[in-house]
Each structure stands twice: as structure tokens, then as C-alpha cells.
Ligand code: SAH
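Take a look at this single chain, the form predicted on its own, given in C-alpha cells.
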């Protein structure tokens, strides 16, 4: 049986490579690194660890490829568009590499766990120096050392269920929210999804390792944490502690300094009454739930291998709203799954009208090589699928606007996260339920919890006024 954790000895060996790199980099001008991330929050969290490794190895950071001494793309394999952007950007780096031969280019993440793509990059993109997968991130110091001292391409991709590497240094994004992975991988094997193949099977981190990380971010001033996992509701099933996800939420809430706890993603089949009780009763756990339904048709759900029905999903929503009436609800929906008929789509449309989500994340189905759905024949043509997608968005936008308008005239506590990207005079923050709020205020409010009166509503956000 494979070890669950990367050994302390191996982790210390990687630390030694970081120290040697740091000494090497200190000999001349400051070396700069650029890390570009595609995909989900799990990838963002991985990139924070990549930045941690680079910082420990003596690299500073920059925003422009032309200024970098090392560039690492952390990739996503969930959708084709993300892959195409990666290929396009890798091609553009060839010219920069030609002008700056010492530039180190690395590519990692989920794309590298797909053999046909990794082989394509190794063959076609000779200017890429480092390739590593989701299971070998911790070996980055050694891979960089091999490139900069031996001038050889370094490849470390393994096909396994993965092991957990603790004690990787981390450079977190600025803000009020810290992202903390509580588990890795997925056991669900939804027919459209590549994640179990590129992230491996479910592995839960030990409770104390998670709590230590929560205590650390709290000591550094983070007020909110987002617990991450492909299916957080499965947390602890592979541990001997007897602690499940609901128990973990209560333990995390006991850490001083943490005001809000969010989490994603929950799989509906494992969404329990116990978890509903924790959301209802624990004041630190946000009254917000992202519960991906993917489709409203039982026929499609069965082909997707989701292992719940429309009826059982709606029953769980009913229970949640009975216990937590003001809960904010969001979901994921796939339009144009191969077997989806027009009638199936109409059931999905009727479901969003029945549930009335605050917002949805909707996608047109993207074929993933190696998944069962990739072998299925399409029922609808591309034009029909895009027309349905537009109908879904139109219906949801109206619902989102109507729900947001119900907030007008009320007051909420809002944690101010930062300045608006489009107007530096506007501050943005979120309610406990995750509603985005814009207010006019001084930058000194960033990081603070303030009382806000909601003056008006837009489809995607609320406009508020600071209460004196």
C-alpha cells in the first residue's frame, strides 16, 4: 500500500535544494518569478505553494513575462478553453526565450496528468524546461536545480493516487480570505469529469495539520477561510479519526481570529442533515451553499453518474431552507451534455426557476479525452446547445436581479476585501452570504467588518452606503 504522506526526509531533501538555489540566486541580481494560474481555487491554492517554494529558493516576483527569470504555468484540464489558452501562451513564450535563453519555463498542474497532452508539450514545445504534475509539486526545488545547474529538461509526472506533502512553504494572496485545502482528489467519477484522473483518489489531510494551518493564517490577520476539496462532504472517510466534515467545521470555528468559514465544493449525494445543522447553528459558518446540480433531468443525471435524482436534490434544498431560511444558494450547470435532449434541457430550466439560485456557474459541455462521456454521441447540434445556454443565462439573470433587489433597504455586516478593479474610489466586500457589495470609502477600511446599508441592486452586485 502506498504511503499517504511524502516522508519528512524527502521534504527535507527538497528544502536543501531550495537553500542551494537561494545561495545561487543571491550571487547576482535578484531573480524574478512569474506564476500564472488557470482553473479553480484548488489550482490557486497550489500556486500559492509554488510561490512559497520560489520565495524560499531566492526568487522575487514580477507581473510581466519579459521581466521574469522563471515562468510557471499552473494548468487546468477541466475545460478545453483553458488548455487552448495555455498552448497559445506557451507559443508566445518562444520568442522571449529566444531573446533570453537563460529563462526557465515550467508547466504543471492538471494538464500534465493527461499523457497525450504531456507528450505533445514534450515533443512540440522544446523551449519548456520543466514539466511536473499534480502529485509532484513538492519536487519543484529539485527540478529547478537540475535545469539551472545542468541545463537539462526536468520532467516529473507520475500516474498515482497521490500522497500528501505537508510543510510546503506558501505565499498567500493578499486579502482577508485564506484558502486551505482539506483534501485532494475525487472518488466520484462523474462521466464528464477529468478530475479523478488528474487529481487522483480522495485523500484527506489530518485534522491537526488543517487546524495548524488555520491557526497560522489567523495569526497573520486573515479573518475568513475557504476550505477546499473536490467533495468536502467526503472529508474524513479515509481517516481513522472518526471526524467528518461537519465535525471539522466545528473544530475550525474554535480558532480565535477567524470570523467566517466558507467551503466548496459539496456533492449533493453526500450533503447531510448534520451539515445543515452546522450551517444553521454555528455562527462562524457562513449561510452560503454551493451545491452543484449540473442538470435538472434524471435521465441526464444518470448518464452523468451523479448518483442522485432531481427529487432527492430538491428535497435537500427544501431541508436546508427550512433550517437556514436566509441561505445564499449557488450551483453549477452543464448545458449540452451529449445525451441531453430538448426536453431534458427544459427540466433544467424549470429547476433553476423552482430553486431560484442567487447565481449559477453555467458551462457548455466540453469533451474531455479519457472520460466516458467523451465516447457518447450528441443528441443536439451546436446551434441548439448555444441557444439553450443563452436561455438559461437570461432566466437566471432575471432571478439574480430579483433576489438582489430584496436586499435593498436592509443592513448587513460586510468584510471589506479591497478596491474595485474598475474604480479605485470604490471598495468591495462581501456579506456573510457571499453577496458582493460596492461602497464608497477609504482604503483604511480594507480588512475591516463594517455595517452597510444596501441602497440599490444590480444583477451581479449590491451598492451600499457605510453606516456611521
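All values derive from a computational prediction rather than experimental measurement. Residue numbers count along the first chain shown, from 1.
Keep in mind that the form predicted in complex with ligand SAH is missing from the display, and what follows is about it.
At a distance threshold of 4.5 angstroms between non-hydrogen atoms, residue 306 is in contact with ligand SAH in the predicted complex.
Shown alone here, residue 378 lies farther than 4.5 Å from ligand SAH in the predicted complex, counting heavy atoms only.
Not displayed here, ligand SAH is approached by residue 230 to within 4.5 Å at the level of heavy atoms in the predicted complex. Looking at residue 368, you'd find a heavy atom of it within 4.5 angstroms of ligand SAH in the predicted complex. Considering ligand SAH in the predicted complex, the lone stretch of 166 to 174, 290 to 298, 116 to 124, 276 to 284 in range is 290 to 298 [heavy atom distance within 4.5 Å]. Within 4.5 Å of ligand SAH in the predicted complex, a heavy atom is found for every one of 193, 265 and 363. A heavy atom within 4.5 Å of ligand SAH in the predicted complex is found for one listed residue only; from 78, 155, 349, 137, this is 78.
Between ligand SAH and the residues 334, 143, 252, 71, the one pair within 4.5 Å by heavy atoms in the predicted complex involves 334.
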